[in-house]
Structures are given as C-alpha cells and as structure tokens.
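Only one chain comes next, encoded as structure tokens, the form predicted alone.
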C-alpha cells in the first residue's frame, strides 16, 4: 500500500526531479545576487549615498560605455582563464588555492626567455610566451601535486604557501637577474614584439579570444569526454575512480597541472597584453579573485565566464562610482564579499531543501 499525496498542486510539482534541479541551479545564484545587492544598498545608504544612483553609475559605466566594456573585458580575461582551471579542479575535489603564485611564475619564466630576444618576430614570440607561461605555471603547481601524491600534504595548504614563495622570488628576479639595466625601478625588460595585437573594434588585446576558445573547449571536455567523466566522478567518489579507472596520483596531479597551466598562460597574457613588463605588482590579486569567480560560476566553464565578466563589471563600476560620488571602492568591494556569502548560503539552503524533498519522496513510495 502506498500513501497518496493530497497536497494542492504548485507550479513545480509536475516537474521532474532533474528539471527542478536545473531550475534551482539557475534561480539560486540569481536570487542570492539580488539579496546581496539589497544588503549592499543598505550599506551604501548608511554611507550617505543613494543606492539607486550608485548602482546606476556602476552598471552604466561598466556595461554601456566603450571604455567601461574595454576595462571589464580586460579584467575578465585573466580571471576567466584562471577560474576555468580552478573550477575543473574544484569539480574534481582538488583544491588549488595558489593560482596567484602560478600566474607569477608563468609571467617570470616568459619574460626570462623573451626579455633577451624581444626584438624577434611577434609571430614567434607570442606562441613561445604562451608555452612558457603554461610550463611555468604547471611546474609551480606540480610541486604541490608532488607533495600531495608523495607525502599526503593538503593541496589547500601547499598551493597557498607556494604563493608566499613565488612573490619574493618575483621581487628578487626583478632586482637582480631580470632587471632592466636601463631602468632605475625594480622591473624587467619590456616584452617587446611579444606584445599582444589589439582588436581595433573593441580596443582590446587578442588574449580575450583565447578565453572564447578555452571556455567552450573546457565545457566540451567536461561534458563529452572520458576525462571530463573522470573529473566529475573523482569529485563525487574518488575511491571508486581509484578502484576502477586510475591510480590515486593521476587526477590530483592532472588537475593541479591543468590549473597551473591556465594560470601561467593568464600571467603571460596579462604581461603581454597590459603590463608589458614584470614588476612587483604583476599578479594584482587575479589568482585569489579567480577563486571567487570559480565559486560564483558553479565550477562550470560557461558559468565562470559569466561570473568573470559580472565581477569585473562590478570592479570597474566601483571605480566609476568612486570618481563620481567619492564612495570608497572598499565599500563596493564589500558587496562582492556579500555576493559570495549569499551564493554559498543559497546553495546550502537549496541542498537542504532538495534533500528534504528526496526524503519525502522516499517515504511516499514506501509500503
């Protein structure tokens, strides 16, 4: 005998579990972001400003002006590249928190080679720089991979601590072996002919095109290939993967190397597309901000791209709001933290509601 559910119908009661899950996946972050913006509006009002005017300035300047779009996409480019690699690792349960250091090492290795031959043709130097950036980031991440596989060191700790080694390594390099002899400042030689060409219609370097290639490729790999299946399976039950598919060392090392490679490529793109030389502020926090982007994008390549553009628009808009109203950028940046908190809380609530519905369905079909 089965029980009959006589509760009144609701708009979602006729939907399948998979359909309801997809709707929840979309609506939860949207509702969470709206809630974060509302709380942010309260903070802005306490600061003595009109939240509607501040938000209007932020989004109009970042999204509806040529210069705003350019700055938004410039910041979104390294964020998206790094966050795609981090998101795939997070999806597999491999936590790489050290993309900042991997970006630094990728940029340093690139300029270490290219700086002395920067008058060679760009058609040679640009692919070389991309390869060197990927190799530098991968090698730095592989240190954490070796420590995890060989000695069981937690990757959260090892990747993070490697950042604090990469930063002084950068400072030493631009003061000694890589220092530009014609400059009084601690900085490297210029990138020269490896500078990325500009797309005239957007006034943006071609590095953004790489994002438009990496995102669909990563999405295809994640959904349609055996490697993508292993990523998802490793995140769900790594012991089943070890028992039936691969050795224990394969996936952690592979995900760290992949994430490090993309971070190193982002380092070269930032160097060749924006900064032209390596200095003490090369990383600029992109590696840590990309963690937020990966979380907001649900560790999905397409979601990561959307989150990278949205977060970059908030940063660009915050600077515009500061110029127009004097509102501290830190206050608007606090809204970003609120977005992360509300999205995480929304996910927790959605998971709890989903689990409760699953228990209810199981009780409904029991005799």
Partner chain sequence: MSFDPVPVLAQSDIVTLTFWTAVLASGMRLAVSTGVAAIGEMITERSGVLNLGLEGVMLAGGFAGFAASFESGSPWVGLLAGLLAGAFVGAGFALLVVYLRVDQVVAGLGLTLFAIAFTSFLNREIYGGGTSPPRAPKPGVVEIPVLKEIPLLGESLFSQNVVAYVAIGVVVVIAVALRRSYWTIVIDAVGETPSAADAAGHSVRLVRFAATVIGSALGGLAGALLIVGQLGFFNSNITAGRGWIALALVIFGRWRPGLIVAGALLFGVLDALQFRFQTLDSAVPFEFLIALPFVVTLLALTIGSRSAAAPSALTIPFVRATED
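Only the largest set of C-alpha atoms that superpose within 1.5 Å between the two forms is called the rigid core. Positions refer to the first chain, counted from 1. Everything quoted here is computed from the prediction, not taken from an experiment.
What follows is about the form predicted together with its partner chain, which we do not show.
With respect to its partner chain in the predicted complex, the three residues 169, 172 and 348 uniformly fall within 4.5 angstroms at the level of their nearest heavy atom. Contact annotation: of the candidates 187, 282, 158, 75, the single residue with a non-hydrogen atom within 4.5 angstroms of its partner chain in the predicted complex is 158. Screening 31, 43, 63, 302 for any heavy atom within 4.5 Å of its partner chain in the predicted complex leaves a single hit, 43.
The candidate stretches are 172 to 180, 257 to 265, 198 to 206, 103 to 111, and the one lying within 4.5 Å of its partner chain in the predicted complex by heavy atoms is 172 to 180. Interface residue remark: residue 292 is counted as part of the site for its partner chain in the predicted complex, having a heavy atom within 4.5 Å.
With a 4.5 Å cutoff on heavy atoms, residue 50 does not count as touching its partner chain in the predicted complex; it lies far away. The shortest heavy atom separation between residue 117 and its partner chain in the predicted complex exceeds 4.5 Å.
Put simply, residue 37 is far from its partner chain in the predicted complex: not one heavy atom of it is within 4.5 Å. For the stretch 145 to 172, the set of residues having any non-hydrogen atom within 4.5 angstroms of its partner chain in the predicted complex comprises 147, 148, 149, 150, 151, 152, 153, 154, 156, 157, 158, 160, 161, 162, 164, 165, 168, 169, 171, 172, in sequence order. With the core held fixed, residue 339 shows a CA shift of 2 Å or greater between the shown form and the other one. A movement of the C-alpha atom of residue 305 falling short of 2 angstroms is seen between the shown form and the other one when the two forms are aligned on their rigid core. Superposition on the rigid core between the shown form and the other one places the CA atom of residue 323 2 Å or more away from its counterpart.
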